[in-house]
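Before any questions on how it binds or moves, here is one chain, the form predicted on its own, in structure tokens.
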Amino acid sequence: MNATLGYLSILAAVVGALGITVRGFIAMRDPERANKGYLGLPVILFLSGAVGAIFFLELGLLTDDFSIKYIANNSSSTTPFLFKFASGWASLEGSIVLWGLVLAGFTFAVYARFFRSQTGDRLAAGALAIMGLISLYFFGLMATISDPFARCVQTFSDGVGCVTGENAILANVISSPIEGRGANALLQNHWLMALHPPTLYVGYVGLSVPFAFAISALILRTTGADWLTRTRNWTVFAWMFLTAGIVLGGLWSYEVLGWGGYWAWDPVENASFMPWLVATAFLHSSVVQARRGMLQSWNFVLVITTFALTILGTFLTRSGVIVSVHSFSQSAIGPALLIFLVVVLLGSLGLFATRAHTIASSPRLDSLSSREGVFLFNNLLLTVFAFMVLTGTLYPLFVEAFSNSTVGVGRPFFDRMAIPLSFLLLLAMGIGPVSPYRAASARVVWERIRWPFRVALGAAALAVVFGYGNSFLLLGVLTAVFVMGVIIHNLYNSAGIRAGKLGIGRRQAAVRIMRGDPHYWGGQISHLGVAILALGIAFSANLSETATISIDAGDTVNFAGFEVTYEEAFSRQEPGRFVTGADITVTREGSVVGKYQPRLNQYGNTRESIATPEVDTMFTGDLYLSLRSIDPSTVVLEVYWFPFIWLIWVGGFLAAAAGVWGFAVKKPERSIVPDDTRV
């Protein structure tokens, strides 16, 4: 029943998406039809189908309906509730269902925002039509080659899991396994698995909204920034979730994989990072277009590239062309995604080429020494950064495809390229927001950055005094503190001017200033988060210590100023897994720092052990213990000390959450902040 109703839900979503596409294009040509009544029915049908699909998939998972092939191969009766629920998107077909649900949510939101109380919006009708086309593609995949509700027709010889399945409606003979094979062990080893993919998907799919409006504007030959200003909040919303999803992915990697890192330039990590870089460039250049009418063509290119990179990321993850802990097995969906990517690129860039003459008349840049000039420099750095990551990610694939030989692009390449680009981006991040528009004299800019620069120099000097002589660390401290100093100095000075004029306190004036321009200050808070994150990377990457230590039971080994003692081994059965671990006591100068239990987990029938490290976060850093091997007499541990690594998570989540300031804080109808109080 779950399979039949689930598949019928997918078919309903296909019909709804088709209706959105057809009616959207008709309403685009005939504004009288661009209204709630004409567009509402297919949108509601589409949303209902998408909700129905995920509902029946989750219902099947929670009730152990192993007659569905996907559930038989990705869950089991002993899988804990949280991971059973998360199995809904933990594998290929389920992840497409989640993608479709998020897409349906955004489609409904666009409809509700632009048509529930107004009519005749041709631009929004065209955007709905484009989103309908994208939806038609993804739900078409679910209805054909990526069917999450295929009924099992042949089980494995042991009766656990399913070998082959057929369409839920067409299948004649159903063979239900006695038990499921369980979820991927790596994906049920930490609760972040339930949070990381949905967060990332909201970011990925949300970027389809500005893309759809951009394509609609190109079809309608609409010049100007209307499409861009109307979708700015959607772009910021998607960017927030994409940022949070990437940070959550890094945290999951750090807490689960036991290798002591959070970013490995893994191809699938890169697949999420590339659209983030280009979307970040788009957010900055859209400010310039909205303010000065410049960079119109550039913004179209950026938003098309961003969406194409989200499809490329989906292809890399689901085609099986790369090996990664994040990727799914090879399937027929890979070629279909590649064809879709080619269609998106050729169709959207071809359309852009035919309309280029109508949008290429934007004002010229008055001076490179201006806020627009710095934003342009920022865009150049971000796109070069994205191109570098793209090259390093795809180069091995092309070499293997054309020469049948294998090459690898490792961390040294990415680090060598990314480090100087990152320092330059931090510099632009500090100077850009305090540079005047049109033309910025060196005297004015220096006046605004003079004190932050001196504070940053002082911070770097202080680091030297404390014995930190690493040049990359000092450069990281210098640039990160500089960015933080510029933001704080800017607000402090503006608040002082405002407080003097209104006769109020500086703190009250600062709040009023931030409320007066929530988008600008939301961006500044985000910059503050990025600077904190950069500081965390600088400390943890340059001052970390690591060792592989072997300790006999009852013995103690010294590491990074700690005394690490192996007390005893333990093993026990926990819900859904068998655990083997070591009781470890860590002291410093005789005082107990903590008692820890790094462990190896085994799930279901798998023989593979998944290491779960113990991480003790202190103010000065993380003590990280990961179990490599153990027996009653000896334990082998990977031990790390990461100074101030928590700054990465604090900064990352602050950068992601900063957009909330722009959404939650309402700008007063009459601005209380005159232009002379914000630099």
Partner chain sequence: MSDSIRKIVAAVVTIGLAVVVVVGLVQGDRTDEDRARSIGSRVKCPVCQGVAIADSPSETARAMMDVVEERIADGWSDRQIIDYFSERYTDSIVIDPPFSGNTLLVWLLPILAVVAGFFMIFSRRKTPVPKTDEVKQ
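Positions refer to the first chain, counted from 1. Not measured: the values here are computed from a predicted model.
Only in words, not in the display: the form predicted in complex with its partner chain, which the text now covers.
Visitor: Of these, P436, G496, G105, G120, which has a heavy atom no more than 4.5 Å from its partner chain in the model of the complex?
Guide: Contact check passes for P436.
Visitor: Which of these residues, N172, T406, N558, S157, gets a heavy atom within 4.5 Å of its partner chain in the model of the complex?
Guide: Selected residue: T406.
Visitor: Out of 76-84, 510-518, 393-401, 576-584, where are the residues with a heavy atom within 4.5 Å of its partner chain in the model of the complex?
Guide: So the stretch in question is 393-401.
Visitor: Spell it out for me: taking its partner chain in the model of the complex, does every residue among V444, F453 and L457 have a heavy atom no farther than 4.5 Å from it?
Guide: The answer is yes; V444, F453 and L457 each reach its partner chain.
Visitor: May I ask you to state whether G554 is within 4.5 Å of its partner chain in the model of the complex, using heavy atom distances?
Guide: Because no heavy atom of G554 falls inside 4.5 Å of its partner chain in the model of the complex, the answer is no.
Visitor: Can you tell me whether T354 touches its partner chain? I mean in the model of the complex, with a 4.5 angstroms heavy atom cut-off.
Guide: Result no; T354 lies far from its partner chain in the model of the complex.
Visitor: Should H190 be counted as a contact of its partner chain in the model of the complex, where contact means heavy atoms within 4.5 Å?
Guide: No - in the model of the complex, heavy atoms of H190 and its partner chain never come within 4.5 Å of each other.
Visitor: According to a 4.5 angstroms non-hydrogen atom cut-off, is W259 in contact with its partner chain in the model of the complex?
Guide: Result yes; W259 sits at the interface with its partner chain in the model of the complex.
Visitor: Does anything in 557-585 come within 4.5 Å of its partner chain in the model of the complex by heavy atoms, and if so which residues, in order?
Guide: Contacting residues: none.
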